[in-house]
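Only one chain comes next, encoded as structure tokens, the form predicted on its own.
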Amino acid sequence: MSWLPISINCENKQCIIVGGGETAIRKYLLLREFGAKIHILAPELNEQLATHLKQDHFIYHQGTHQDLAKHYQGCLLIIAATDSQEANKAISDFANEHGILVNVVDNLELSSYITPAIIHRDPVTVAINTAGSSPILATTIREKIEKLLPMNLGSFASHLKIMRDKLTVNDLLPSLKRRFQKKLVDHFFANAECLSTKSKLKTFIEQDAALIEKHLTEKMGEVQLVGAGPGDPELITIKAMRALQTCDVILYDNLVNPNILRYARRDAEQIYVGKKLGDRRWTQDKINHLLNEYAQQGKMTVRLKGGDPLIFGRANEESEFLMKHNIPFQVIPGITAALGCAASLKLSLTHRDFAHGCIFVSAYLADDAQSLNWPLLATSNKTLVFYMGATRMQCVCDNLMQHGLAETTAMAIVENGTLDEEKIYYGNINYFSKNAENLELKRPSLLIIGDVLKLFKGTPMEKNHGSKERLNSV
């Protein structure tokens, strides 16, 4: 069963606890922290609750669950905290019949809501919900998160609300307001340890806000050229994830794993601008036009590219365009496909006994014999990595052998690198030249050629973790 996490305003709202024992005390203290108007219905109160009663923290009704009908009018929620399963069932039935939220302690089936583990730094509340599967796990997660949050987080949130109210009267676009607040929050967390008092915190916010405001006077958006990594969503960088979580628009490529988009802000606009072989719907000019259009609207735009934007990602064309039009931008690098695929092979591309360097080459250039320095590539004694090699494998192998590379040179093809459906083909360049048509490679596929592959430990049809396969073709 899945539970939707929601926050309910219970300040000065009538909430009934049925029961007067230890469990009732815990629930009473929780409701009191959030300002509820608490009513306790029980035959008698234990000593601690009786002490609280003298301090007028709640209203006591002496009776049993059978007296609920006398007191439920205007009630927001009911908590069943008795020791009797029969009584708790009756309380749940009564609440459901009258459309009142009910929590039966330690009984999910009878509850219409559950209470999560809570970190409360008023007005900030963090709730951890395990759907009742393990309260101990929820408590442990809460403890770990609590250690990460500054003690003055609540005070900062209160000051931020004041700042946010001031922003609403200014003529700033929503995207610029969001950037303004994001910068304040980032600066706060970077300096939280030095802001131990409310006065220091207030001074910090006012000075910081004044400084940031200077950079937001121009209503121009910003573009971030972001690398999405080789495919596995867990290989995206923290900085890239932050960009996705704060941007207004995402323009993403064909090689971006759709699961990475789950990191994005829910209300961010997502636009596919991928280029496929034979599909010219999205030209570079069209993409540049969109970048300029959204920047003029003051929006934070992420241009999301597979791998690293600076490795065959056409980032230079876009950065030149952005500079020409005075659009602020930054580049957030990603793990390029060569490194992701090398990790799948569990090999170093620059092993000191076999290769003192590595050359990245676009296989798309292989069709034009004059476009690549084949003699240099064939005799470099470096690991060669050919990107986008699915359809040009035979051309690459033939040109390298024609220009002096031994036909026994080891080669690996990594198809859908770092993904669950990844396949690794391993052999030598002569074999792959002769069998290129039989492999029916899927895109994206990366070709790795060189003596470092002598260390590859693949065996025929050896199963790797998950559903990945390794195929040794020699």
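Quantities reported herein were computed from a predicted structural model and do not represent experimental measurements. Heads up: residue numbers just count along the shown sequence, starting at 1.
The protein also exists as the form predicted in complex with a small molecule; that form is not presented, and the subsequent description refers to it.
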Just one stretch in 103-111, 75-83, 301-309, 116-124 has heavy atoms within 4.5 Å of the small molecule in the predicted bound form, so which one is it? 301-309
Heavy atom within 4.5 Å of the small molecule in the predicted bound form, from candidates 250, 337, 396, 332, belongs to 337
Residue (of 347, 255, 287, 372) lying close to the small molecule in the predicted bound form, criterion heavy atoms within 4.5 Å: 255
Is residue 430 one of the residues lying within 4.5 Å of the small molecule in the predicted bound form, judged by heavy atom distances? no
Could you tell me if residue 235 has a non-hydrogen atom within 4.5 Å of the small molecule in the predicted bound form? no
Report whether the minimum heavy atom distance between residue 243 and the small molecule in the predicted bound form is within 4.5 Å. no
Report whether the minimum heavy atom distance between residue 446 and the small molecule in the predicted bound form is within 4.5 Å. yes
